[in-house]
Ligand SMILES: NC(=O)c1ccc[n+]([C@@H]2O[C@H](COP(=O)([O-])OP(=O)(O)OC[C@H]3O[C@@H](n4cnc5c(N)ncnc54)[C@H](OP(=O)(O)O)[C@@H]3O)[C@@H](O)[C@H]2O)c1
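First, one chain by itself: the form predicted alone, in structure tokens.
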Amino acid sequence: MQKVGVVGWRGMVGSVLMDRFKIENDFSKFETFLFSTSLNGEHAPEITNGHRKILDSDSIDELSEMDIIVTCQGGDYTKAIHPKLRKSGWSGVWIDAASALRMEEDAIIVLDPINRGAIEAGLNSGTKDFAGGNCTVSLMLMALGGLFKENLIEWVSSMTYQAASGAGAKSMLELLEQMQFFGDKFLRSKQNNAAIGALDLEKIMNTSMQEDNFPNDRFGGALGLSLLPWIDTKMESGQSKEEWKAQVEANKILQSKNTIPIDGTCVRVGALRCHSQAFTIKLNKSVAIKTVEELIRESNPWVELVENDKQKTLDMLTPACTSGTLKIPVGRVRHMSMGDDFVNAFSVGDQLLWGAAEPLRRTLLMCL
């Protein structure tokens, strides 16, 4: 039975991954060793085939005893530990949720419903480094995989609406604190003036965002009652890094012979969990919308095609109905007024599952 070390198991992605291991009875398939710096030496939670003590996530000696390491600790950890571990002679498999290794030539970005063949070929040829893709990239490919597989896509503009949890647990909590702040302001305003109008309330809320006690340490602006059309750092192209990732990562996953242009604007919105995306898809030929729908529906078992109907869209195509599930609903599928070779679509997916933890879990199982 292979030894699997898990780093970052208490964070958001790590917690979701551990939960998936438990739900799917994966712990019975390998020996689990939990790593942490702050909890080093303490008793580990009881899990099937779990090592009794928590090991040191900074110890190259202890890490090198593992056959496989799965890390959800973040890019800084990977940059600090991965080179040292490889230099020490460790030849195990490294599976990473962070972006640090994604674009390395000898690393494979994993999303097995889309590139299982590439992952298997890599394992057979001795590839040792695997990384989960950017959350919106993985969710886009899950949603539109059938169209990419048939080589129908000339280019895609993906306009993303990304939840607060995509920026981490503390950001998720800050959104809730902002919502509470506004709620308290609203209640006090109504108590002081029961007849106060909506426009007056809007002015109060907008002004309150500038107050010194407004909770705003994480986002650089108000996310509650607003949105933030910038995620990550600026690139020379004028894109944010989050926008840049779409084209480079998607084409690497797809192993495209010719680069498929993919671009758009990434926006942080006031949802707690699940990223949404609006797609403008330029096809390389006119295709009947029923054919487009069939290709989307049949691309993988998790896609759920939602009829382009108002009530069904509101019932099925939202973060509220997708959060905590593996389903990838895709709706609003229609030809656009620019021509029959343009298709509109909208999709939602849980960025902590298919956008992060699930590809790591499935890659681990392929390594056993």
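Only a predicted model underlies this, so the values are computations on that prediction, with no experimental measurement involved. Note that residue numbering begins at 1 and tracks the sequence as displayed.
One more form of this protein, predicted together with the named molecule, exists but is not displayed; see below.
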{"property": "Joint contact, S36, Q73 and L352 to the named molecule in the predicted complex, by non-hydrogen atom at 4.5 Å", "result": "yes"}
{"property": "Which of 96-104, 276-284, 114-122, 196-204 lines the interface with the named molecule in the predicted complex (heavy atom within 4.5 Å)", "result": "96-104"}
{"property": "L17 within 4.5 Å of the named molecule in the predicted complex, heavy atoms", "result": "no"}
{"property": "Contact test in the predicted complex: K170 vs the named molecule, heavy atoms, 4.5 Å", "result": "yes"}
{"property": "Exercise: G166 in contact with the named molecule in the predicted complex, heavy atom 4.5 Å", "result": "yes"}
{"property": "G8: touches the named molecule in the predicted complex, heavy atom cutoff 4.5 angstroms", "result": "yes"}
{"property": "Residue (of C135, A250, A222, I296) lying close to the named molecule in the predicted complex, criterion heavy atoms within 4.5 Å", "result": "C135"}
